[in-house]
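Quick heads-up: it's one chain on its own, the form predicted alone, in structure tokens.
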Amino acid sequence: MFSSLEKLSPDPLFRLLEQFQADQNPNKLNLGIGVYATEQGEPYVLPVVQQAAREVSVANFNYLPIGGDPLFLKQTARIVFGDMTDQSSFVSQATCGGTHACALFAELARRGEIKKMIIAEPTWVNHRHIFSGFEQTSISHLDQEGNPNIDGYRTAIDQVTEPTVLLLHGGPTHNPTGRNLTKEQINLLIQLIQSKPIFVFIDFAYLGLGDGFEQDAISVRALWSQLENVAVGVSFSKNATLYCHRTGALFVKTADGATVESNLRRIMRTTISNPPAYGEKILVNVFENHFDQWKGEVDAMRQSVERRRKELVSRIPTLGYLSDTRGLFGMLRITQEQIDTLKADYSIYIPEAGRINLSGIRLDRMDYLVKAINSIIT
């Protein structure tokens, strides 16, 4: 019955995770999948989230509105866009995590007959699958010196003549490079976009884990306030450690708000019918009763990643290019053969592109990691 289907390869990150879990080497390190771990390599759930979860009522598991918990959406928008944002001026939709926010926007754009897209490579590998079917103009996100390639973005935008999606990463973080467009470069893009039929989509997955909550939101707020057509997908997997509880939101600013809202509600109804409630309820409690504690704990996560990044670079100075990265990720400038050697000889697991999850580094195995990396780069 399904013989005409093409058999697809498994997801590379989750395949790597399976290989890691099956590995019996006691010194093994998983530097692949984007999950924050403690400096001792243990899974981590924010204490404030654990507390808020215990306080959530379990007396009512009825459906939410199709759009999601209004308090969750209101507070999320306030955190992302600031206190003074007029929330009646845009569409809000709770989502099943940040990936679902991306997928909802992609389907919305398809329904709106937007056929083209500008996507800077490398990007999160799932972006390519989510936005398949769009005629993609690929540009290099980084230039030859490893800096954000503003000229590439400028050239691609200059050539736009038809409705086009421009995919951006939110804040100073970037998956996988760890280096994103600066505030000055974002302001330049805004000027270029304003005269073009471009709908900007911002994947904002790491709020608070770049330079802190307020700093991370600056570029997103600039795009949001100055452009007519912009959408933001928000994830709480990393900054609230709600990975498996799939908690996120999609915000869409457009003159066609009523039409967009009706379509988002229909897409939700015909796919998952109703957004997951547990993570939303936990976060409403966090936002309303434990907000300062949450920000403090996310700051501590960010500082821990910084400690590990600095320690690695101080031990291997040739990795100095990682010093300017922000967030969980950076890219090792190594070959596929070297990546394979790290896995085969040292049980150190890194994806094919060389992306390293800095929060996967265990401080008690830093000597082991340094020895392994030195062995392949010397």
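A residue's number is simply how far along the shown sequence it sits, counting from 1. Computed from a predicted model, the values in this text were never measured in an experiment.
Just so it is clear, the following notes concern the form predicted together with (2S)-2-hydroxybutanedioic acid, a form of the same protein that is not shown.
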Has each of L13, Y206 and K238 got a heavy atom lying within 4.5 angstroms of (2S)-2-hydroxybutanedioic acid in the predicted complex? yes
Assert contact_stretch over 59 to 67, 26 to 34, 342 to 350, 312 to 320 against (2S)-2-hydroxybutanedioic acid in the predicted complex, heavy atom within 4.5 Å, equals 26 to 34
N175 near (2S)-2-hydroxybutanedioic acid in the predicted complex, any heavy atom under 4.5 Å? yes
According to a 4.5 angstroms non-hydrogen atom cut-off, is F251 in contact with (2S)-2-hydroxybutanedioic acid in the predicted complex? no
Is there a non-hydrogen atom of F72 within 4.5 angstroms of a non-hydrogen atom of (2S)-2-hydroxybutanedioic acid in the predicted complex? no
Heavy atoms within 4.5 Å of (2S)-2-hydroxybutanedioic acid in the predicted complex: does W124 have any? yes
Across 342 to 368, which residues bring a heavy atom to within 4.5 Å of (2S)-2-hydroxybutanedioic acid in the predicted complex? R355
